[in-house]
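Below you'll find only one chain, the form predicted on its own, shown as structure tokens.
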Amino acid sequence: MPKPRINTMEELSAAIGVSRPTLSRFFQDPTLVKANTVARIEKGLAQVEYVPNFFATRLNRKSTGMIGVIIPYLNDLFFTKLLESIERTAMDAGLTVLTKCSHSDPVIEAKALEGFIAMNVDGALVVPLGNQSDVRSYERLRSRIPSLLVDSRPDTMLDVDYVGTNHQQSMGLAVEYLCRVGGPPVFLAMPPVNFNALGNERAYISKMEELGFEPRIIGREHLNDQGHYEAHGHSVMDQAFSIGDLTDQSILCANDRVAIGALKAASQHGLEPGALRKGGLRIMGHDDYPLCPYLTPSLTTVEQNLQGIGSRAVNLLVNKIHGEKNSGDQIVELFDGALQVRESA
């Protein structure tokens, strides 16, 4: 026989003969209720079909048990991997993650920040768009909710708590590696829509000058309207290879998605990065996008420690939620990258 369906806590209270406040305490934390009452509630729940309303059980609590996360893109496996780390750590801490996407639009980003304030989430982790982000919205969030920036740290928010990659170290690692195995690399940049790509460009320039080489940067301008990543890398390198330029150079890309487009252009022009059969062309990325090992050729890159970044960001946010941070002590934690040598370079 099907169990009777219970829709509200009031109906459940009447069905099993326990007051609604007692039920609320039970769903919040069974240890707050006497053992014999817990047994009575559990016996009653076994006889009905009831799922407690997530928000109703939190109406009278100081904590919602939720943290908000904002990412800039949904169609990017890089952020999928970061979200996995955040969610797993949050679950271990007994928290529910509410994820929003800014879709690379500062207006949508600002509305998402305001939404977290309206929902009274316990804290927020945000991957900001960059210098185009609405700083006032971030200031409003910080004044009301414990928060951290993750992965990206715009020039306009250098005073905000942050967890991310040490791009000076990671890009320096890439430049040094390419200089060891071939000539000084050319940097394949991208239009100014991704703040970390800009940070990688700066780090490239710094390391090249430190090593005594002249930086050379290509690809800062839009060449088509198809996209900023794979399509951009493909267009820039297709144009270069078409006139015989850069066919024997080391190309260090702003990120792996740009490098994927560059690899396609090389293939279409009969070039074999890393194989040394066409003059020594090498193509390298940054991030260790999950598809990198399965490309042809597999992509040499620098791995960002997304597991460490996501986990540390959640733990720091939990500490802030519990008041375990002095207001005057800024948090900035940077994780080193790790070289991943594969076939392309």
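The model shown is predicted, which means the values in this text are computed figures rather than measured ones. One rule holds for the numbers: they count along the sequence shown, beginning at 1. Whichever C-alpha set is largest while still superposing within 1.5 Å between the two forms counts as the rigid core.
Keep in mind that the form predicted in complex with a further copy of the same chain is not shown, yet the notes after this line are about it.
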query	finding
a further copy of the same chain contact in the predicted complex: residue 276, any heavy atom under 4.5 Å	no
Contact flag, residue 140 vs a further copy of the same chain in the predicted complex, heavy atom cut 4.5 Å	yes
Contact label in the predicted complex: residue 261 to a further copy of the same chain, heavy atom within 4.5 Å	yes
Contact of residue 291 with a further copy of the same chain in the predicted complex (heavy atom, 4.5 Å)	yes
The unique member of 83, 208, 110, 173 whose heavy atoms fall within 4.5 Å of a further copy of the same chain in the predicted complex	83
Selected contact from 77, 158, 217, 135, since only one has a non-hydrogen atom within 4.5 angstroms of a further copy of the same chain in the predicted complex	77
Every residue of 20, 166 and 319 near a further copy of the same chain in the predicted complex, heavy atom within 4.5 Å	no
Which of 119 to 127, 181 to 189, 237 to 245, 209 to 217 lines the interface with a further copy of the same chain in the predicted complex (heavy atom within 4.5 Å)	119 to 127
Large Cα shift (2 Å or above) at residue 336 between this form and the one not shown, core-fitted	no
